[in-house]
Each structure stands twice: as C-alpha cells, then as structure tokens.
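In structure tokens, the next block holds one chain alone, the form predicted alone.
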Amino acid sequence: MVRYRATVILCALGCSSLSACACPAGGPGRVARLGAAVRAVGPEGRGHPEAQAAVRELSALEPEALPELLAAMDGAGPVALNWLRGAADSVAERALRGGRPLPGAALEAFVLERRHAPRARRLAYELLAKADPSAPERLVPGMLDDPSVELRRDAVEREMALAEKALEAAGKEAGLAAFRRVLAAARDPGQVDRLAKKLESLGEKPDLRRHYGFVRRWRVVGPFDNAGQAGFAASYSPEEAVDFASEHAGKIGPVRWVEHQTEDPSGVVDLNALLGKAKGVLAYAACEVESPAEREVHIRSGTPNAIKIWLNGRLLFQRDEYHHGMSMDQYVVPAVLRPGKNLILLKVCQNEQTEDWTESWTFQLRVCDPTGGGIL
C-alpha cells in the first residue's frame, strides 16, 4: 500500500511514461481514458468495439487501480455500468486467486465518499468485505441514511434485528419507536412490507402511500380522441394551458376537469372507472405539488398505456407504447421542484385493441427523493 501511494504521488507530479513511473494503473489518466471509452457506448452498436477493447485493458489492471476503476462508473449508463463492473470483478478475482491483497483502505475511503455512483460504492463495499471481514460491522451502522439504496438495505436489515431486540427487552412502546425509525429509512419494497406488517401486528397501521409519496389527489379531464394512436402526438387544449375551470372539446362532446382521489394503496388511478370504458381515447391528469424550496426529486410512474409527463409546462418524459404491463417505478425521471406550487401534467393514452388484456387504462405516480422516499 505504501508503494502504491508513492507511485500515485509521482504521477501527480507529472510523470508521462511507464519507464518513468510504473503506475499500477499503467500511466497517469489511463484508467480515466479507458473508462470514458466504456461510458461512451451507445445504442445500435455505437462505440462498442472501442468499449470492448477498453474493458479488456481495464480487466488486466493491478488491484491497486480498483478505486480509480470504480470511479470510472460515475455517470455511466446501465450498459457501461455492467461492463465496468465486470472489469472490476475480473481485477479483484485475479488478485485474490493469486493471493494478492486488495487495497482495503482505499476501498473503504471510496465506500464512504457518497458522491460516487451507488452501484460503484456497493461493489467497493463487497470487495472491501472480502479484503477485510470486519468492515461490514464497522460501516453498516452509518448507512441507514445512505443515498445508495443497496447499501441502505444492509443497514435497514441490521436495524430491524435491533428493533426486535428492543421489543423483547423493553416492551411494546420501545419496539414501536424502533420499528417506526427503521421504516422511515427503508426503501426496499420487501423490507417496507415486512416492517409494515410488524407495525400492524403491534397495533399501528403505517401510511405507505405517504411513505412512498404516491399522489392520491388528481384533477382529470377527458376523453379526447386517440383514433389510430394519433392523439399521442396531437396537442389538445389542456397542453396549452391548465385551467381547472375551463371546458374542452372532447371526443364525444364538451368535457371538464373533475376532481378524483384514489383510495388504491399504491395510488393507482383507473381511468375506465372514472371516465367510462372506451377505446381510442386519451385523458389528462394533473396534480399540484408544494415544495418549501428548490429540490431535486424523482417523478416515478407506472402505466400499461402510452404516457407523457410535464412538470411546470416542460415535457419531462414520453413513451408511446401500449399494453406492456405496469409496475411501480416503471419510469423514473429526475426533476427539480421549484419553491411553492409545482404542476405535474400527465397524458395517458389508450389504443383501439379489443383483447381482454388490453382493457386496462390506468396509471400511478409518486414524487420522492432520489432514494425513493416520499416527499408528499
């Protein structure tokens, strides 16, 4: 480890060749350049040959270069993340097979630096645990509020066990307080469900809609025409100006905004039940979200239908696809709320297929912090 730090210092001083400095990474800036080549990989094979060549070189690095290789995962897309993870795994596995130590201190520093990509920090944590089995006991207690959901999951699991002990040792009130605290930190749906059931067994029913940030109160207007699926691209009057007192020309006559509050535990809005079962139609749904200050959030939605999402008049997301199933957090869109009221507008389109499995005309949406914790 001392030798590695010395070579890094020499690189920082400007050595420019392997003959001048036998860096574990193979030269100053080399890992960053190779990582950039992997991150540049694009659709339809764009950049794949260069990325594959870069991954081969990265996979041959010495273990001391692992923190720099992990840092290359910052800002990477899903494909690049997988390739870079594979390279890091190869480096670590080769070192361990050869009886060489992993750079434990540098890996721990990487895990503790929360600005790095969550998946990179998780991988660093897993590698660190192999190098130093005492690391989890040392690090996990501080991860209950970690921005990496994968790292937070371990801390939540630990706190759930401690809450059980508090319940057994100090009684119901102490147990309730402990489980409430853990639920507030939990983001994994499986853990949230377990915690909710535990609290219910103790006589308390948590509000999971609030925990997740599902929007329950909506204003909805429609149906508008979507014959031939042309409505997705068309701009109807609610897109021009959202005035909840206005009347609009709908598919079968004038339509007005109606208020709706969903009682579904996952915030699902059934447009068939609200507007009447129809085909070749679309509807708009709007909600207002208050924020005390500017803040980064995620707008996470799910629908089996085509959808567009605007925030304060700016188009954030669109997907012109029908009947592909629906799941929580199907679409995750980073956004920034401004101070005060923020208007979210959705356009949800139903096509003209008539099979039973095409009948659903539904959506759900939640507003949460980047870890998935509700803010409403």
Partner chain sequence: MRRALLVAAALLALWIAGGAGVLAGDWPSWRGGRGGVSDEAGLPERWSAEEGVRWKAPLPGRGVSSPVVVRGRAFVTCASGPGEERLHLVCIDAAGGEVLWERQLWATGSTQCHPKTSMAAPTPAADPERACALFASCDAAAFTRDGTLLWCRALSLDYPDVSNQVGMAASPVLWRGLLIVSLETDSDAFVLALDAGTGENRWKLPREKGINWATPVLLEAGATAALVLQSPRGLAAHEPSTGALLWRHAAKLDSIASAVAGEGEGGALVLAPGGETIALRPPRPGGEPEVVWRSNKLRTSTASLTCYGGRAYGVNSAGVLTCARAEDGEVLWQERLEGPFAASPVAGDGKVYCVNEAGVAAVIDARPDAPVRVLATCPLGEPVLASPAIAGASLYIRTERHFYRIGGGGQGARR
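All values derive from a computational prediction rather than experimental measurement. Note that the rigid core is defined as the largest set of C-alphas that superpose within 1.5 Å between two forms. Residue numbers count along the first chain shown, from 1.
What follows is about the form predicted in complex with the partner chain, which we do not show.
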| item | value |
| --- | --- |
| Residue stretch of 102 to 110, 198 to 206, 283 to 291, 120 to 128 approaching the partner chain in the model of the complex, non-hydrogen atom distance within 4.5 Å | 120 to 128 |
| Close approach of Pro334 to the partner chain in the model of the complex, 4.5 Å, heavy atom | no |
| Partner contact for Val79 in the model of the complex: the partner chain, 4.5 angstroms, heavy atom | yes |
| The partner chain contact at Asn312 in the model of the complex, heavy atom, 4.5 Å | no |
| 4.5 angstroms heavy atom contact with the partner chain in the model of the complex for Asp320 | yes |
| Contacting member of His116, Arg187, His298, Arg85, with respect to the partner chain in the model of the complex [4.5 Å, heavy atom] | Arg85 |
| Sole residue of Arg217, Arg138, Lys172, Arg97 within 4.5 Å of the partner chain in the model of the complex, by heavy atom | Arg97 |
| Core-aligned CA displacement of Gly42 at least 2 Å between the shown form and the other one | yes |
| Large Cα shift (2 Å or above) at Pro78 between the shown form and the other one, core-fitted | yes |
| C-alpha of Leu123 off by 2 Å or more between the shown form and the other one on rigid core | yes |
| Sense of the change in Cα distance from Met326 to Ala80 in the model of the complex - at least 3 Å versus the shown form | farther |
| Comparison of CA distance in the model of the complex with shown form for Gly77, Glu296, at least 3 Å | closer |
